[in-house]
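Let's start with one chain on its own, the form predicted on its own, as structure tokens.
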């Protein structure tokens, strides 16, 4: 990706090949009353978010393999499509999965703008949609639907507890910087929500178009403003580039830097540029629990890579789908029972147990993490069982 990220094309292809082998090796179900369950993975496999798409795919396939390769007795067929993180192509590609490929489920996606296209098709066709990353709040807000479930986060959710933490440290004058698209805007809004309530002041909001990574002029402006702290939203290749530029600009160690996804999946790529940075998120690779250790070991064994939050979200998407399909013994025509099972599911996740809100968004713990070496080490629980944002805007469409 033009040198922005440590994942090379060879790495991506190798990882995808391993995932493909895992799929081929899945045991076949003996039940004959149902045809194959077709799952469409609509994710980015090129561009800035490509490593996120691969990690989600890997995590999802790992969850399937741990469920003996079938869900509710259904043999699985996976159809993958590259959404390129391009909102303009989103609805057409989602419709292609439903109309041409006849998928029963869409698992996607990463980019919030692309997710809006998937939501349109999910609402129009009724296809089951499990969101493994995109946090666009409308998906579980004004556009919520009975057949759409999120296994990740809403954009403002991880940032919300961080605002109060920053203000409570006496860092009351802050600059924000983010990509100018749905995820960046809602992440900044979540941070501001609690930061302003705790007495903080936003000196300036700075924006850069997605997926632009030319940060130099913005970093110069931040240095001239001299805030007490900076909150940013970047992920994937953009996050790696930002961290290196932040260090090169001489700001590391001078102005405290806070974020959510900034340090996930990039620590090997950026070296000591991330050291000491604090972030808030619903997972930390340093989460020291038996469940997380077992997951990390299984993932590393399957893919020869260390998992990150994106792999966990893909994994949890597979666990969630499995719970629903087992409840109806693979019969998707039992729609009300399937939806009820998904709504009442408790996911025993590497991130910690979580459950669905009324709007089909995870109610989950948010952790405060600090980069130590090559690990997002969990320092504390920033928020316990956080349900954010309010589900008041959600009126689920009838089944």
Ligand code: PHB
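Numbering follows the first chain given and starts at 1. This structure is a prediction, so every number in the text was calculated from the model and none was measured.
The same protein also has a form predicted in complex with the ligand, omitted here; what follows describes it.
Novice: Taking 4.5 angstroms as the cut-off for heavy atoms, does residue 181 touch the ligand in the model of the complex?
Specialist: Flag for residue 181 set to yes.
Novice: Against the ligand in the model of the complex, would residue 194 count as a contact residue? Criterion: heavy atoms within 4.5 Å.
Specialist: So residue 194 does not count as contacting the ligand.
Novice: Mark residue 108 yes when one of its heavy atoms lies within 4.5 Å of a heavy atom of the ligand in the model of the complex, and no otherwise.
Specialist: Residue 108: no, not in contact with the ligand in the model of the complex.
Novice: Mark residue 60 yes when one of its heavy atoms lies within 4.5 Å of a heavy atom of the ligand in the model of the complex, and no otherwise.
Specialist: Flag for residue 60 set to no.
Novice: Assess the spot marked by 140, 364 and 388: is the ligand within 4.5 Å of a heavy atom from every one of these residues in the model of the complex?
Specialist: Not a single residue of the candidate spot has a heavy atom within 4.5 Å of the ligand in the model of the complex.
Novice: Identify which of 242, 283, 231, 310 has a heavy atom within 4.5 Å of the ligand in the model of the complex; exactly one of them does.
Specialist: None of the other options qualify; the answer is 310.
Novice: Identify, from the list 292, 112, 176, 147, the residue with a heavy atom within 4.5 Å of the ligand in the model of the complex.
Specialist: The residue from 292, 112, 176, 147 that makes the contact is 112.
Novice: For the chain seen here without its partner, which of 295 to 303, 217 to 225, 132 to 140, 162 to 170 has a heavy atom within 4.5 Å of the ligand in the model of the complex?
Specialist: Going through the listed ranges, the match is 132 to 140.
Novice: Suppose contact means any heavy atom within 4.5 Å; which members of 148 to 180 contact the ligand in the model of the complex?
Specialist: Read in sequence order, the residues that approach the ligand (within 4.5 Å, in the model of the complex) are 153, 155.
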